[in-house]
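Below sits a lone chain in C-alpha cells, taken as the form predicted alone.
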C-alpha cells in the first residue's frame, strides 16, 4: 500500500467554540442543520485497507492507521449503523486487573489510552474513574484474588485484596454480614477502573478518522471476500465490489461468518450476553461492583441509573433479545448483595453477542490467508481493549510485523498449545 513520506500527525482539531446556554437553546430552535461530525461517501472501487465492522475496534484501527501511520485510503464498512453491535450493547466498564502478565500489560495500555482519549480526540468521552471491586465469596475465589493482585503488582498495576470492613467503607450498601447465603470474605480492589460513555467513544473515533480522510460506510454489508492464490484481492458488498490487498475482520458476534468468507476457520463460539438498567436514583454507588460467584456486576451512571450485567447465556445463539429468566436471576442475585435495592424498577434490558475463545483471550493479527487479519474473539471484554487493539492492529498493517503487545494472541497459538488462559479474570470480570 502507498503511504506518504511524512505521515500525518495525530488528530488535533481546533478547540470548540464556547456557547452560553441561551445561545445553544436558540441555535437548537432555529438551526435547521447542525454540522455533520462525519460524512457520507460513494463507495470507491479500490482502497488500501478495508475494515469490516464500524464499531469501536474497527474505527480505532482506522483512526490509528491514519493518525500514526499516514494510511488514509481506508474504508470501514458495516452492514448496519456505526456502533450498533457490541460497541453499543456493552456496559462500558474499564479495568486492567487481569490474570496473566500478557493480559495485564495489554489492558493497562488500553486503559492509559482511554484516560487521555478526550484530549486526543477533542471529544468528551465521559471517562469516570470509580474503582473496580471484585468480590470473593469463598476461599477458592479469595486465593484467585490474591494471585491476581500479585500478578498485577509485578506489572505495576494498582490492585490489592481488601477485607469486608474495607469493602463496607467503600460500598456501604453491600451486605457484608456473615449470616448470608454468600458471605463476602474479601475483594480485589482496582482503583484505576471505572466507566466510560460507549457511544461517545465510537463517535469520537469516527469523527477523528473522518477528519483524516478515512471513509466510513454504514449499511454496507459484506457478502464475500475474494482470495486468489492464498492472498486477499477484494471484498464484495451490497453496494459494489472493492479491490484491496488488506482486509481486517473487526466484527463481534459475526466474526466466524466473515472469516469463513476468506477460508479461515476460527475456534470461536457466539453466545448472547444480557444486561439491564434501572430507573435513575440519587447517586450512591461510586464503585463498580462484580461478583463472579453470583454472576453479576453493577455500576451507576452519571444520570443515576444502575447498570447490571451477568455472565453469557449458557447456549450459542445470534439472538439479541432479552429474557425473563435473565431478569429474574439477575434481580435475585443483586438483592443478595444489596437488599436495599428491592424497591427499584428495571426500565429495560438488552443483549449483545460475545465471541468466546477456548482460553478466553482474543485472536489478533495475521492469518493463513495473506492480507486477511483478524481482531476478534473478545468475549465479554472487547470494549476495554478498543484503543490498544486499534493501535496494535494499525501498527501490524503499517509495519508488516506483529507488535510484541499482541504477539501472544495469534491464531496459531491454538495449534501450538500456547494458550493464554484468562478465564479466572474474564468470565464475569467485566
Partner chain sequence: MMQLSCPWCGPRNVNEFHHDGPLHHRPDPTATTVEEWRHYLYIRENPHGVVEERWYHAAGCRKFLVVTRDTRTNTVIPAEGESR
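Numbering follows the first chain given and starts at 1. What you see is a predicted model; the values in this text were computed from it and never measured.
What comes next is about the form predicted together with its partner chain, which does not appear here.
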query	finding
4.5 Å heavy atom contact, residue 266 to its partner chain in the predicted complex	yes
Contact flag, residue 341 vs its partner chain in the predicted complex, heavy atom cut 4.5 Å	no
Interface membership of residue 257, its partner chain in the predicted complex, 4.5 Å heavy atom rule	yes
Proximity of residue 319 to its partner chain in the predicted complex, heavy atoms at 4.5 Å	yes
Heavy atom of each of 270, 325 and 415 within 4.5 Å of its partner chain in the predicted complex	yes
Listed range touching its partner chain, judged in the predicted complex by heavy atoms within 4.5 Å, from 273-281, 130-138, 257-265, 206-214	257-265
Of 329, 245, 358, 84, the one that lies within 4.5 Å of its partner chain in the predicted complex (heavy atoms)	358
